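Have a look below at one chain only, the form predicted alone, in structure tokens format.
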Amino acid sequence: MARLGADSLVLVDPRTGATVGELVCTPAGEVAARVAACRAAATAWAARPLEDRIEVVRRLGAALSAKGAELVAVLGAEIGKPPGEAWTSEVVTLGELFDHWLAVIEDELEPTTLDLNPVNYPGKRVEVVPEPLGVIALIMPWNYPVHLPMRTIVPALLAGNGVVFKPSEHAARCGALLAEVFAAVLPADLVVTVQGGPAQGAALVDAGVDKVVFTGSVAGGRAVAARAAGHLIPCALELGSKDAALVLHDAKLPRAVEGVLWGAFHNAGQDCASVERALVDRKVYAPFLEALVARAKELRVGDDVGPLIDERALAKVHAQVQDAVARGARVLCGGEPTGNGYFYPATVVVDVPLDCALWREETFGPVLPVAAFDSEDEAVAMADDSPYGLCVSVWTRDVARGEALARRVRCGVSYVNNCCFSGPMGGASWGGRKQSGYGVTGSSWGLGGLVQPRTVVVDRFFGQKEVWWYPYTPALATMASGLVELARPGGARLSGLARVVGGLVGRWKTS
């Protein structure tokens, strides 16, 4: 993590709270020049053949994979991510991301040719061609500081864009390491890194970029969207959530317990896709809860559950727990900071009032409130009773029933018998509903937000004029009405054809 000073970032190890270094911020006044340099590089990059771009991006993926151990070390020192989690969630998934986009990008960027009626449009060809937007501003969070930016950078580069990347101030060292790899592999200024906090982010939005991709808090997303709107810049926002897991009475309980456990406590709960509410059928509530609490008590602080990012995050998480307890909730395990660094143990809470912050607001920490339901309709209503809508998971042996139930919840990603793992998949869309934001990363839907369509019309018809050009005559109206009659379901085809032929002859005579 880092503390933001006037001109620098004071780097802090969240495992100990100790200061470990300093990193100079990019002056906000220099951001516009860096965007201009990126635009010049992107123009040259977009002019290169797609096969050239593919080869360069392939080399970038190989270079990042070679840095795997170094990335894992920095992820541990900077945000406290345990090694097993860093390897699986950031490095392994990075390779899969590159593999996907390198395999599909040629097909994804293929122009679309319209099928034209040769009688109405003789000699004409119309194509819709995807072109790069230009410069993408990427404002990223600290919780997945390697994979999250690359989820946009990889398809953006393949599509011919440049990127100006502002890592979170709490993940500045990860951002600097990525910047080293970019500089070693990519053309100069094609991916530019801007270090700093809100001032640098605001300067980036104001600097003439073509789109903003933001992942972060709801408050941050609102500020970015408002600022981007002032420049008529589109933006994609991935914001907070309060995802629910629905455990049905026929769930395979050992798997449901392990899945919800991991979904709630991986990355110390600091994941917008984390399970932040467990809703359990009353028929299996007691055995599920007993097994969940037993397993949560076995999770090792530091080895399994890393630290929260800073003292403010720790204070927020603990305040939510204390507020719930003051209003009648019971803590079954955890519930107190460890006193070392910014660690908070895996915490399970029951009897939580449904209008308190722990149930309603994003916690972003290793705390799981658990409640019972009596019917599937009630479970869906409880899951949907939230200002957020990113993910839901349903746990049941009846897969078809689980899928149907998951589809009823208003959210962007639905899981059956699993949770939280599809975000890094290049081919899977990732986006939410309601206050979880708008816009998509991943899949062809996400790529569509990194390109803009150009319709290209080519005419090889060299007649003196088109039939619909001046002058407007009765013959033109006759011909047009005949075309409508021919196209109309159940139309009088002979009459329509006669009007088309008669109209064409009349137009020919007047020409």
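A quick note: this is a predicted structure, and the numbers were derived from the prediction, not measured. Counting begins at 1, following the sequence as shown.
This next part talks about the form predicted in complex with a small molecule, which is not shown.
- Under a 4.5 angstroms non-hydrogen atom cutoff, the small molecule in the predicted complex lacks E90 among its neighbouring residues.
- The small molecule is not shown here, and in the predicted complex it never comes within 4.5 Å of any heavy atom of G80.
- Shown alone here, G216 lies within 4.5 Å of the small molecule in the predicted complex, counting heavy atoms only.
- Of the heavy atoms in K166, some are within 4.5 Å of the small molecule in the predicted complex.
- Contact with the small molecule in the predicted complex, defined as a heavy atom within 4.5 Å, holds for exactly one of F364, W101, W395, F265, namely F364.
- When you look in the predicted complex, the only residue of G220, G160, G259, G412 with a non-hydrogen atom within 4.5 Å of the small molecule is G220.
- Residues placing heavy atoms within 4.5 Å of the small molecule in the predicted complex fall in a single listed stretch, namely 239-247, out of 102-110, 403-411, 174-182, 239-247.
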